[in-house]
Structure formats: C-alpha cells, structure tokens
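The chain below stands alone and is given as structure tokens, in the form predicted alone.
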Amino acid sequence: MPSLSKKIDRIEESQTIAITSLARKLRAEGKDIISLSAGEPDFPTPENVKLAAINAIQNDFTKYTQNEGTPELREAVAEKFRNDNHLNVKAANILISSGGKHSIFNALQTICNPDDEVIIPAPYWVSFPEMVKLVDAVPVILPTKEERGFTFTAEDMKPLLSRKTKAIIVNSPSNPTGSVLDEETLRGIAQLANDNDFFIISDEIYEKIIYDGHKHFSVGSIPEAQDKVITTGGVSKAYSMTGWRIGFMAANEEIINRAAKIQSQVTSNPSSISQAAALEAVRGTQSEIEKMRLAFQRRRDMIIEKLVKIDGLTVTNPGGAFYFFPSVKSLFGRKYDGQTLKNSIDVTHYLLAEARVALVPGAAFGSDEHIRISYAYSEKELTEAIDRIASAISRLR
C-alpha cells in the first residue's frame, strides 16, 4: 500500500468522542454504564425549531443553498451578534458552517501559515491543539492554575509571544473548566493583540450557559480590536441542537471571504434543513434557553455538594458551561487489585471498571491531574453516578 499522511500520525483522536462511543458500546452489550462524558445538553431541541425543520422538508427546502449560508440566516446571526454581543457586523461578516468546530477550523485554515504559532490556554478543549497541527501551525500551550479559577491574563501571555505568534484561541465560558474571563481580562488580551499584531479566535459556544452573576463579554465588541477578532459560535449548546451541525463565524469581510473559499472546496453549504431550523432558533422565542440554563445551574449546585465530600477530589465551582473539572492528583499512588493509579487515564479507567461511570481524563484537555465530569444529564443519572464514584474511590487503598 502507498504511504499515508504523516500529518495524521501527529494527531490525537478526540477522547471525548472515543469515550462516549465506548460507553455506548458497553451499554449496547448490556452493561450498566452511566456516561458523563458527552458535551451535549440532554434536553430535546425546542418544538418551534423542530417544526421549522419539518416545514423546510415539506416545502422541499432540501437543495444546495449559498455556500456561505442562506441570506436569511446570515442576517439573523448578524443581528444576534449585534444585539447580544455588541459586534459591529452585517451579513457580509458572517459565515455559516457545519458546526462550531468547523467554524474554528475554517478560521485557522484562513489565517495560519506553516510554523505559525497559536497560543492555547490549558486546560483546553481537546480539538484546539489538533486543529492547529492540521493547518501546519504550532500549538503553544499556556498553563493556567486551578487556584486562579483556570483564568489567565495578558501578562501571563507575554512570555509566550514571538515573531511567529499568529493567534490565541480564547474559550469563555470554557470547556472543560467552566471558567469565565471578565471584561477587563479580555480588554487586556485585545490590547496585547493590537500591540503585537496577532489574531484572537474567540470561541463563545457556551455564552448562554453562565451563572452566579458572571457576564459574558465578547472581545470582538472592542472597536479597536474588531479586525483582529474572529468570533465563533453556534446553536449546539444554547438550543440543544448538537446533531443539527450549525456553527457560525463573525469576522472582517476579507477573512470571511477567504474562509468561504475554503468551505466551498471542502463541504460547501451546511445542511439546508438545519439552516432553516437554526433560523427559527435564532429568530424565534428564546424562552427555552433560560429554562435550560436554570436546570444546569440546579444540577451544578446539587452535584458540587456531593463532589466536595469525596475524599481525594478537589473541585472548583464552574462559572459557566456544564462541566466540573475536579483534581484527582490526591488519588495518584492509591491502589486496587495490586495496581496503582498514576494519572488521569488510570483514574477514569478505574471508575469505568469499578463504578461503571464513563468520564474523560484530564490528559485529553492538557491537564493530567484532572478529570472532566459533564452534568448535562438528568438529576437521577447524576446522583447515581456521583454515588457510584464516591463508593469506588472509598475502596481505594
């Protein structure tokens, strides 16, 4: 067989997808597995959104659309960004893509040249470094500290800057930590980007899922920095539409035109039916968003009371998204059946085997001392899962 791409050998498989798939396989085999690994809301897509998709099918809206997305959806997303995020954008500044991940990848493809450097704060979403590698750029990791709520400042970034720095990826609220960057911090990063001429890719997919008086601030709303910022989002998290695969990007027209050129040769337009559903999501009633946010907050408050009581876990209360990212380093060195836990992968394997709970090791997110627990599940599932985890940890010696 001819040789295959060496680039792919450098890319890690998405651990969140892999573990979620494993949990489904084990359940299909009849095993009693609770999976807290997936990053998707457990709520149904709102009825008005589903009805819009059905109507699109019945009206034969099932053909190709404009590559950049339908004019109606681009304008609706621009209006959303103007009203909610205070971005100075119009439809020409918007590209609709097949999910938020696709939007970020399009952005990186558009701005990066070989050996450019992209700063990625850690813990990070599992795909950020791999996407940077796929565009032949170099991920430069910026570690953050749990005692500071996994946040960082422009000062923390300065030692990592070089003449090759092309961008930083900012994710607030964060997956996996739930940390939220405040306006002052984001203004400092924007000033640094202006002073050193690099881009900010701002992944704001969790912007509607936020707690405790935190305010979401879009760095792209800073007038002096707007040409340096690429804002990405989508309908997956806020509207429980993960499978519909609609993401969007807001940026200056030159970036949008170049990203659209890439998209035209790779995927073309996103699903026409999903675009019709997304249009209703963005333009229709927004009442379901708050209902889901309040449900997530109730679950968070319920679960943290249980987590802090488990010997060996240290947990920070997330300000947004729907994940806990507890430290498990106190479990390292503990034993079971003659084996010793040495890292986050060992811990998640132990909990899958002994507690029958599927979790994601922190190593996948750039922090091997942690694990990720999603609370996008019912209160019944969460209660049972945390009780199983507590029991399994108590059996370690």
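Residue indices: 1-based, along the sequence shown. Everything quoted here is computed from the prediction, not taken from an experiment.
FYI, the form predicted together with a small molecule isn't displayed, but the following is about it.
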> Which one, P46, P361, G39, G366, lies within 4.5 Å of the small molecule in the predicted complex by heavy atoms?
Replying inline: G39
> Ok, K166, K101, R299, R74: which has a heavy atom sitting within 4.5 Å of the small molecule in the predicted complex?
Replying inline: K101
> Is R372 close enough to the small molecule in the predicted complex to count, meaning some heavy atom within 4.5 Å?
Replying inline: yes
> Can you check whether I11 is within 4.5 Å of the small molecule in the predicted complex, heavy atom basis?
Replying inline: no
> Is I17 close to the small molecule in the predicted complex, meaning a heavy atom pair under 4.5 Å apart or at it?
Replying inline: yes
>> Taking the small molecule as it sits in the predicted complex, is F217 in contact with it (heavy atom to heavy atom, 4.5 Å or less)?
In response: no
>> Only one of 346-354, 324-332, 54-62, 30-38 has heavy atoms within 4.5 Å of the small molecule in the predicted complex; I'd like to know which.
In response: 30-38
